[in-house]
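Below, in structure tokens: the form predicted alone, a single chain.
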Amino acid sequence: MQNISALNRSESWRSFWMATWLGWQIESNWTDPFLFAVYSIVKPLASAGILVVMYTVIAKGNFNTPIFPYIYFGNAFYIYVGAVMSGISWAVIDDREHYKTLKYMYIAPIHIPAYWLGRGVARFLTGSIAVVITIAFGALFLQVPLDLAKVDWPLFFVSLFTGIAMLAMMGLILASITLLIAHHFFLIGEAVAGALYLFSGAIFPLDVLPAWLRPVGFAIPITYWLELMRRSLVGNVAQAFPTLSHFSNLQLVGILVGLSVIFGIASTFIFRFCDYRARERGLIDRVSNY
């Protein structure tokens, strides 16, 4: 039994690292390195610029209120949500519809969930570039309060990696569901990320939502993750809003870890169900041909 367990772990790690290398090659080889670098810089700056213009119009150019860093950091770290979830779920569409290799993945000696998670690492890396550029631009040119000497680094890294693991589990759930749907739902990752954008407190406190919609936000682990990321970087500025101010940092970490474990368990059962249904219905090698 120990030999079988060790063999399964070895297969999972091999699948993960192989998929990580493959995902990075796919994400970065569509153009020359210079254009890829320009694209990686311009895209997050354009997104941040749109947010700044909207805020300028609404707040009449007042960047000294706590709401601006609240919005700016929330928007910056939300880049990970779309990147990680979409990267993992898109791997199914990419392999099945574009390269037509998903059926070969299933008969190869690899662990499919680990392979999908590895494919999502490339999007995590490109997303990290976008997050760093966005935050640096805000600190240098928009007076976003960020003092590296005052950052709570232990809280930052614990929250960051716990949140990424949580997003990976959500991406695995979407990838499993993608096994059962057709090609025209290829934007399922972006669609879910866009929907959660309104309910996670990314750009405004949950108190702005109608009372009957707020429970949705409190049930989403992304809400607590974004709050922790803000607190680790800007401390009391992030706690100036009453929504989650009654929770301590340790309580928020506990909630985030608990919800991440729940999503991890759910992803395992959902994958098994969707994988079984896809095999039974012959969907592993079925393409939409459009």
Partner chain sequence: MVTEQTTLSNLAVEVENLERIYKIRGSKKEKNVRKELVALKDVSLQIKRGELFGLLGPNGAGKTTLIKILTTLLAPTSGWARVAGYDVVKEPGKVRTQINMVSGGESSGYGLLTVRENLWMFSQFYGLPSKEANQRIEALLKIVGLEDRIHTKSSDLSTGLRQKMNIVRGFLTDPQVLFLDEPTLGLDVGASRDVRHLIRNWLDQDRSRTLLLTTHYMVEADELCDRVAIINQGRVLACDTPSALKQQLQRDALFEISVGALNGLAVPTLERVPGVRKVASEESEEMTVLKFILDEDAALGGVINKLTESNVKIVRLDKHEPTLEDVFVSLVGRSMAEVEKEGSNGDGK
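Predicted, not measured: the structure shown is a model, and the values here were computed from it. Residue numbers count along the first chain shown, from 1.
Keep in mind that the form predicted together with the partner chain is missing from the display, and what follows is about it.
A heavy atom within 4.5 Å of the partner chain in the predicted bound form is found for exactly one of Tyr99, Phe141, Phe156, Phe204: Tyr99. Contact with the partner chain in the predicted bound form, defined as a heavy atom within 4.5 Å, holds for exactly one of Asn29, Ser245, Gln251, Thr65, namely Asn29. Within this chain, Arg279 lines the site of the partner chain in the predicted bound form, having a heavy atom no more than 4.5 Å away. Contact check for Phe73: no non-hydrogen atom falls within 4.5 Å of the partner chain in the predicted bound form.
For Ile107, a non-hydrogen atom is located within 4.5 Å of the partner chain in the predicted bound form, even though that partner is not displayed. In the predicted bound form, no heavy atom of Lys150 sits within 4.5 Å of the partner chain.
Contact with the partner chain in the predicted bound form, judged as any non-hydrogen atom within 4.5 angstroms, is confined among 110-118, 75-83, 170-178, 195-203 to 110-118. At a distance of at most 4.5 angstroms from the partner chain in the predicted bound form, none of the three residues Val52, Tyr55 and Glu190 contributes a non-hydrogen atom.
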